[in-house]
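Before any questions on how it binds or moves, here is one chain, the form predicted alone, in C-alpha cells.
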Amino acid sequence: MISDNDKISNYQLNIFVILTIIEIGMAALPAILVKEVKSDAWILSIITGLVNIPFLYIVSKAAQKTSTQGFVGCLKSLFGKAAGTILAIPVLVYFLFMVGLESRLFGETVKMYFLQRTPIEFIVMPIIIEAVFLAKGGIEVIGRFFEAVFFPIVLINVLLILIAIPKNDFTNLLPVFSADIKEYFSAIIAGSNSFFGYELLLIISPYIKEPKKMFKTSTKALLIVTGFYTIAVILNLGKFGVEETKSLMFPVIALAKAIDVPGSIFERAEGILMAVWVLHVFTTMAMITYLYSVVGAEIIGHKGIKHIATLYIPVVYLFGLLGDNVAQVFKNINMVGATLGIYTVIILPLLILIASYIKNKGGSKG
C-alpha cells in the first residue's frame, strides 16, 4: 500500500510531463521539421502536438488500469505471469535505450560547444550517475526537485524568448501551407519523438493522487510543450530562414549564440540557454531512469528500485556509446522511437485496454 506522502499532486504531474517531454530533442526539432516542410515547420509543430493528444488519451486510460497493481502487475494479471513479463521487457529496453542515447547526445553537444578536448566518456558517465542518484530518492524526491527547478527554467526561457523576438524577420514564415500532404505526414512521424514522454503515466499511475484526472492534467502539459516548441521553431525561422535552419544541427543553441542583448547585460546568451538546457536533459534522464528502475524491479519482483537503478548503469552507458557520430545517434533515436517507442506509447496501452475490456466482459457474464 502506497502512503499519501508518496503520492504526487496534479500540479506535480503537470511538471513531470512537461519536464520529461522537453529534452535534448528540443535543440534539434526546428531543423528536423524544416527539412521536411520548410516554412510550414511551425504549423507542423502545432499539428504534431495535437496528433499526440489521442495517444495521450489511450495511455491515460491504460494507466488507470495500472494504478492499483502497478505496471508489470497489471500486465501479469491481464496476460498471465510469463506473457506479462515478456510484454514488459521491451518497455524496460526502451527506457534504457532512451537514457543512454539522451546522455550521448548531451555529451556530443557539450563537447561540440564547450569541451572540445574532453573525451565523450567523461561527459556521458557523470550525468548518468547523477540521474541515477536522483532517481534512487524515489518519486517524492524527484517531485520536490522538479518543483524547485521548474520556475527558474520557465523564467529564463521566457526572458530568452522576449530578447530574441525583436530582431526576427517573420516574413521567413511565408509561404504558408506550401508543403505537400505527404511531406506533412513525414514531418509528423519525424517530429513525434520530441513529443514522447507522457508514457510515464503507465509507470507512475500508482503514485498519482487523482488517477481519473491524469488525461486532463497531462493534456494541459502537452499543450504547453507544443506551444513552447512552436515558439522555438518560429524564432529559428525568423532569425535564420529556411535554408540556414536546415543546415544547423542544433538550431536552438545557434539562436541563443546569435542573440544580441541590449546594454550588454550578458555577452553569451548561449551559456544561459545551455544551463537551462542541461536541466531539461537532466530532468528527462532522471525521470526515465526512475521509470526503468520501477519496471526492472517489478519484472523480477524486487521491492526497491535503488539497486536496480545502479545495476543498469553499465547497460545505459553502453547504449549511450552506440553510433560513431551525432548523425548516427539521431538515427538510433529515430529507430528506437519508431519501434520500441510506438510499442510503449500506442501498441501496449491498446493491448491493456482490450484485454481489460475482455476480462471485465467475461467476468460480468460469469
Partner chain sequence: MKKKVFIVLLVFIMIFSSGCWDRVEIEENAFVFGIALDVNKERTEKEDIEKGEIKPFYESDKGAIRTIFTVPIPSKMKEAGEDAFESIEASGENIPSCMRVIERKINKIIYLGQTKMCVFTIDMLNNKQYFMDAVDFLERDPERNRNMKVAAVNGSIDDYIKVKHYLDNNLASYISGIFQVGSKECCIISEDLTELEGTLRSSKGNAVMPCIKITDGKAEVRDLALIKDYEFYQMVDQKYLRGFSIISNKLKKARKLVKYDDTIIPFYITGVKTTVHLEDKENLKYKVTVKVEGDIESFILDEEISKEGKIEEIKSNLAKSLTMELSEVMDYFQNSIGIDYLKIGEYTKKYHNKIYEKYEDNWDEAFKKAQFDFDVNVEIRRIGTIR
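Numbering follows the first chain given and starts at 1. Everything numeric here is computed off the predicted structure, so don't read it as measured data.
One more form of this protein should be noted, the form predicted in complex with the partner chain, which is absent from this view; the next part is about it.
The partner chain is not drawn, but in the predicted bound form it has no heavy atom within 4.5 Å of V93. Proximity of G80 to the partner chain in the predicted bound form: non-hydrogen atoms within 4.5 Å are absent; the residue sits far from the partner. The closest non-hydrogen atom of P166 lies beyond 4.5 Å of the partner chain in the predicted bound form. Contact annotation: K257 falls within 4.5 Å of the partner chain in the predicted bound form, judged by heavy atom distances. In plain terms, the part of the chain that comes close to the partner chain in the predicted bound form, with a heavy atom within 4.5 Å, is 172-180 out of 275-283, 290-298, 188-196, 172-180. Of the candidates F150, F228, F215, F240, F240 is the one whose heavy atoms come within 4.5 Å of the partner chain in the predicted bound form; the others do not. For the candidate set I89, L115, I156, L223, a heavy atom within 4.5 Å of the partner chain in the predicted bound form is found for exactly one residue, namely L115. Residues of 119-142 placing a heavy atom within 4.5 Å of the partner chain in the predicted bound form, in sequence order: P119, F122, P126.
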